[in-house]
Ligand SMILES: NC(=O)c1ccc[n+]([C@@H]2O[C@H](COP(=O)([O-])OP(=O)(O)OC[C@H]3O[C@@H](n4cnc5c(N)ncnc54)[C@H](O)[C@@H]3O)[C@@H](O)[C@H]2O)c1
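Next up is one chain by itself, shown in structure tokens, the form predicted on its own.
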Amino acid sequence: MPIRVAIVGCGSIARRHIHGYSLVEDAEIVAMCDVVEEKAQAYAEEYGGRAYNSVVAMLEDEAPDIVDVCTREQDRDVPVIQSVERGFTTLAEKPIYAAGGQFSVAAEDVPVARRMVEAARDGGGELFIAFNYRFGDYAQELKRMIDAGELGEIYYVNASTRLACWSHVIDLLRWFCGDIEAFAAAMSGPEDRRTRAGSLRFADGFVGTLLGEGIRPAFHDMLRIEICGAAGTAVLRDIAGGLEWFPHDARQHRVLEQAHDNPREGFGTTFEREVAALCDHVRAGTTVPLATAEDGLRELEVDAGFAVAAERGEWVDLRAEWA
């Protein structure tokens, strides 16, 4: 039986998701849905499936195995809730919700995101968030090293990123290092893409820093994550760039990187792997490194917490803040 896929939101990011499904042998696009019916019709003509401008009608008619929500951040809550409360497995683009767009996450977004998570819990539909950076070669290698204890006890983390990768890097830090429980932060620059810097405390007791900015040109590294442990320091660079390992017991260091001069050449592969992993999960219940609804909520709480901490000028305890 084919895995029946419905796409909600027929914009540019949907094309990457659709391409991923086209590489899965038993995946079939059965529906395209957009509030602008002409856009849904155009995508249906190009990629297949029936065109809809109503998520509820689409779900009732098609009963898809996967609902893939690729709408804008501010338009994401309604279709996600409509899908998961009816029990459908759903993948939503990141961040889970942002009324002002991904560069302007605010405290008011957190209750909306919580309603999305609760709808999935109550309705029985699994909700995953498309943090595809988890599926990069070097991100997965770093995760393996941490889980295998090769870094030893983690002492500190330093991370910097362009704002385009901001929510992804927050998710990666949580994936690698566990929950961020508190931080102090400051912001500067224009309201629509403010530079933000924070001092972090993780649930396991170690500390870190996180800087997000939109100043450096995009042809340089988009992100850099440095994790120092008792046995050595690992440095992850760019979206699909490379990984360096500096063992504390030797002067040499190991460099893992692609054998070409474009560190983002494999970026599209992360979407393909994420979609394939979701299909594996739906098909056979396979455990995969997809970000869950709770991961999406926790990421948004950190993002929104930066604005809160910067405004107050004091440390913010995330669990107390969003209780």
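Not measured: the values here are computed from a predicted model. Start at 1 and count along the sequence shown; that's the residue number.
If you look for the form predicted together with this ligand, you will not find it shown, but the lines that follow are about it.
Colleague: If you check in the predicted bound form, is Arg115 within 4.5 Å of this ligand, heavy atoms only?
Modeller: Close contact is absent here: in the predicted bound form, Arg115 is far from this ligand, nothing within 4.5 Å, heavy atoms only.
Colleague: Report whether the minimum heavy atom distance between Ala304 and this ligand in the predicted bound form is within 4.5 Å.
Modeller: The answer is no: Ala304 has no heavy atom within 4.5 Å of this ligand.
Colleague: Residue-level question: is Asp109 within 4.5 Å of this ligand in the predicted bound form, judged on heavy atoms?
Modeller: No - in the predicted bound form, heavy atoms of Asp109 and this ligand never come within 4.5 Å of each other.
Colleague: Since only the chain is shown here, I'm wondering whether Val255 would be in contact with this ligand in the predicted bound form (any heavy atom pair within 4.5 Å).
Modeller: Val255 lies outside the contact set for this ligand.
Colleague: Identify which of Ala57, Ala63, Val36, Ala42 has a heavy atom within 4.5 Å of this ligand in the predicted bound form; exactly one of them does.
Modeller: Partner contact (heavy atom, 4.5 Å) among the options: Val36.
Colleague: Looking at this ligand in the predicted bound form, do all three of Gly9, Arg76 and Gln102 come within 4.5 Å of it through at least one heavy atom?
Modeller: Affirmative, all three are within 4.5 Å.
Colleague: At 4.5 Å between heavy atoms, only one of the stretches 153-161, 204-212, 87-95, 245-253 reaches this ligand in the predicted bound form; which one is it?
Modeller: Comparing against this ligand in the predicted bound form, the contact stretch is 87-95.
Colleague: Taking this ligand as it sits in the predicted bound form, which residues of 271-302 have a non-hydrogen atom within 4.5 Å of it? Please list them.
Modeller: Residue within 4.5 Å: Phe271 only.
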